[in-house]
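Heads up, the chain below is alone and in the form predicted on its own; it's given as structure tokens.
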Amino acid sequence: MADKPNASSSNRGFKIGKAPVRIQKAPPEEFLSLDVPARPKVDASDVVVPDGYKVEAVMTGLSFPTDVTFADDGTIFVSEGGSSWPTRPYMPARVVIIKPNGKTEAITMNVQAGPRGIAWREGELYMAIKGGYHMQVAKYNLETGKLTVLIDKLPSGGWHEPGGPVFGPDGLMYFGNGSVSQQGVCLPMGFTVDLAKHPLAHDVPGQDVTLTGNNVWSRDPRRPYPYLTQTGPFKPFGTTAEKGEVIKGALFCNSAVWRSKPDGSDVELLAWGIRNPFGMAINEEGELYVSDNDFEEKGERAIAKDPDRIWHIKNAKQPFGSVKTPDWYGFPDICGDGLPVNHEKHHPEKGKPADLFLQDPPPWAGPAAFLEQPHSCMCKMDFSSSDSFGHKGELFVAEWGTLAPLNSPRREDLDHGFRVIRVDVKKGTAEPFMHNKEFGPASRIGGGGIERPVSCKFSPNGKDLYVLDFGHARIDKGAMFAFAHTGVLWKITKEEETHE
């Protein structure tokens, strides 16, 4: 077994402030020839939306954007996550602010990663921030410059992302945190992003669980080839699990969803076992829905044909403070379709089928409200609440798009995602709403259309849908690489009817 790493598992905090941003206004025709080699063209005419709607690009040149939100007066906030994954060039994390009068500035911060989700409430910007061994939920007052860290105990340091924050009709704050591991156990692929910086990071369950004792053999990237090691679930890389071992559950776990008062007090765990609860949305009835990304057919615990899903978090309708036992949605042992990871449907093309990690797991809280194609990478989402825009009560979901062939060997996965869909969560059905003329990113199919939608949010009056496009990410069988200055903010508006 490898030597135990010597590392600190505490965050160091961060500084925050404001800085001017130079933004140049330009007519749409200038977007057709941009001085950005990785995305030289942005052309709304290459984007397909339903009849009766129009789409336009309102901002280009963003770097690794993650979310968009609005103040009540129409001020736009766009978070940029910074270079916490392989990028060119390196870019710091920040939040770009565009005021109704056209004035622009940025909230700058020296965090290790950056904001993954943002929300505006009562004059303050709330942020879910990845970085270090613990993710943070913080709020920033733009008038006073005061930063308040509300939550700083949620274990992170691995592959997946924070979710939220979002605020419900009940005035409570809802937020999530993805798993440290990709496949339920820390493996070498994670070292390409976060585990090399956080060797002590591991998953933490939301309830007491008993382990089967199954471990996963892998190479050890910390030592010269061909050193091998074993790793168990809910353990740092290189640490084994024992049969019958009990891992204690914790309020501050990961792969989970919580709620609290807006000041971060009285935290309540609603659900866990959600691999990556990156997208969160609450409808007018106060029902919470969460997007979740599938297992990958890659590495030493490869799992095939696992659908992306949207979960209905039923505990969110329970009175605040009354949830004593969180619901479990399947991670690390059940796929989105309710089948165990070792079911023959989910056997990988290469390698051995996955072993189960949990002995006598909790009851499964499924089924999912909606199942999507594997590797679509559903991200941020929002409910339509306006008759003016249409489709009131339906959920609009940004799909970042597949990482195949990096995370799947199957040709059919290569064009999954790269669009915005609208979902009827009551029926479990969906229709494409925004996509290119051919399914796939513009960098592959040609033209100036969308690349990778990461967030969508309705304007305060509900009449406009803003779609945040992460930009160009190059994917091959061995690596991914994202390019700065290629992100775009699009706006979709319903055209006014003309009566002759």
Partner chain sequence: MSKEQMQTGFLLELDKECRQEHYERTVAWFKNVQLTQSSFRQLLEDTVEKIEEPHIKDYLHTMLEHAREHEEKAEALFTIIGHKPSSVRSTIGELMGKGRQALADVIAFGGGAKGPWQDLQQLYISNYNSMSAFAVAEQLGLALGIPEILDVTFSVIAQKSTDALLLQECALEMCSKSILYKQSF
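Numbering follows the first chain given and starts at 1. Just so we're on the same page, rigid core means the largest C-alpha set that superposes within 1.5 Å between forms. Keep in mind the model is a prediction, meaning the values are calculated, not measured.
Although it is not shown, the form predicted in complex with the partner chain is what the next lines describe.
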Exercise for review: Would you mind picking the one in Leu356, Met91, Leu251, Ala71 that has a heavy atom within 4.5 Å of the partner chain in the predicted bound form?
Suggested key: Met91
Check your understanding: Ok, Gly145, Gly171, Pro100, Gly286: which has a heavy atom sitting within 4.5 Å of the partner chain in the predicted bound form?
Key -> Pro100
Check your understanding: Does the partner chain come within 4.5 Å of any heavy atom of Leu195 in the predicted bound form?
Key -> no
Check your understanding: With the cut-off set at 4.5 Å between non-hydrogen atoms, does Phe481 touch the partner chain in the predicted bound form?
Key -> yes
Check your understanding: Are any of the heavy atoms in Arg474 no more than 4.5 Å from a heavy atom of the partner chain in the predicted bound form?
Key -> yes
Practice item. Report whether the minimum heavy atom distance between Val55 and the partner chain in the predicted bound form is within 4.5 Å. Key: no
Check your understanding: Based on heavy atom distances of at most 4.5 Å to the partner chain in the predicted bound form, which listed stretch, 427-435, 24-32, 43-51, 441-449, is the contact stretch?
Key -> 24-32
Review point. Is the partner chain in the predicted bound form near all of Pro37, Thr60 and Tyr225, within 4.5 Å of a heavy atom of each?
Key: yes
Review point. With both forms fit on the core, has Pro224 moved 2 Å or more by CA between the shown form and the other one?
Key: yes
Check your understanding: Compared with this form, is the Pro224-Pro409 Cα separation smaller or larger in the predicted bound form, the difference being 3 Å or more?
Key -> farther
